[in-house]
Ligand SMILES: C[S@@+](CC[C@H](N)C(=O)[O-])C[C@H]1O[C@@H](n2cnc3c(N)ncnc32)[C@H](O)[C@@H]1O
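Only one chain is shown below, in C-alpha cells, and it's the form predicted alone.
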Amino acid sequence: MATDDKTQEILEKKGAHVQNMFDRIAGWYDFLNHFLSLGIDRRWRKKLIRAAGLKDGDHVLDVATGTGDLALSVLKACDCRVTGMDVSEKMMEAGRKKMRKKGREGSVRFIAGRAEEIPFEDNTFDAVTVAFGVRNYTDLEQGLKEMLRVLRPGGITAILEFSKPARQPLKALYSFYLFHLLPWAGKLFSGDKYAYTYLPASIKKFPQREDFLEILERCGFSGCRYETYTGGIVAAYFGEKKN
C-alpha cells in the first residue's frame, strides 16, 4: 500500500507533527485502542509488566505515556512510584481524568517531555517503560540512550511495540487489517485521516525483533531479549543497565 505525501511527511519529520496528531485524537485514543484491538491491548500491557519483574517500591518512568494505560498497569501490578512523560498535553490531560475516574488521582505524576531530552538526572529510575511509543521518537537511538541514562545501574527497560506476524495466514490477515480496515475505522471514529494511516506506515518502517535488539545493544543496554504476543502482532523488548 502506497503512503500518501502527508503521512510520509509525518513519518520523516515526526516531532511536532506527531504531537499535533495525538493532540487531535486524544479524546478518542483510549476507545479506539481497545476497540480496534478487541481489548487484547490490556493483556499485552499486563504481560509486559509481569515479564519486567517490577517490585514494590520501584520508581518507574513511563515514556510516551499518552493517557497512562501502561502507567495504570504498573500501579495495578505493584506498589510503585510512577512518572508518566509525554509530548502531548491533551493526551496527559485525558490520562489525569482517567486516573480520577478510577480512584487513582495523584498516583501518576504526569510531566511534559521528549524522549530525546528526558528532564531527569542520571540514575533516577529503577525501570523505564514504553508502550507503542518508540516508533514515534524523532531520533530513536537518542531516545533509547536517554532512557538508559536515567536508569539506575541494574535497572530495566521494558518496551512494547507493534510487530509483524511471520506466519501465514495471520500475516496476510494482519496486513489487510492494518492497511485497510484500521485506517477506515480510525478515520470514521476520530475524524482524523492521517493518525490511522501513519500508524500502519510507522509499524512497517520500524526495525523488527533481532534488528531492534541490535539497536538496544548499540545504545548501551545489556542482556537484551524479546518475546512476542498474539502470534507476533506485538513484541516486548527488554534491556538492562549494567551495574
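Numbers for residues come from their place in the sequence shown, where the first is 1. Just so it is clear, the structure is predicted and the values come from calculations on it, not from any experiment.
Unshown form predicted in complex with the named molecule; subsequent notes refer to it.
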property	result
Residue stretch of 75-83, 145-153, 101-109, 126-134 approaching the named molecule in the predicted complex, non-hydrogen atom distance within 4.5 Å	126-134
4.5 angstroms heavy atom contact with the named molecule in the predicted complex for residue 33	yes
Close approach of residue 29 to the named molecule in the predicted complex, 4.5 Å, heavy atom	yes
Touches the named molecule in the predicted complex: residue 116 (any heavy atom, 4.5 Å)	yes
The named molecule contact at residue 94 in the predicted complex, heavy atom, 4.5 Å	no
Every residue of 164, 202 and 226 near the named molecule in the predicted complex, heavy atom within 4.5 Å	no
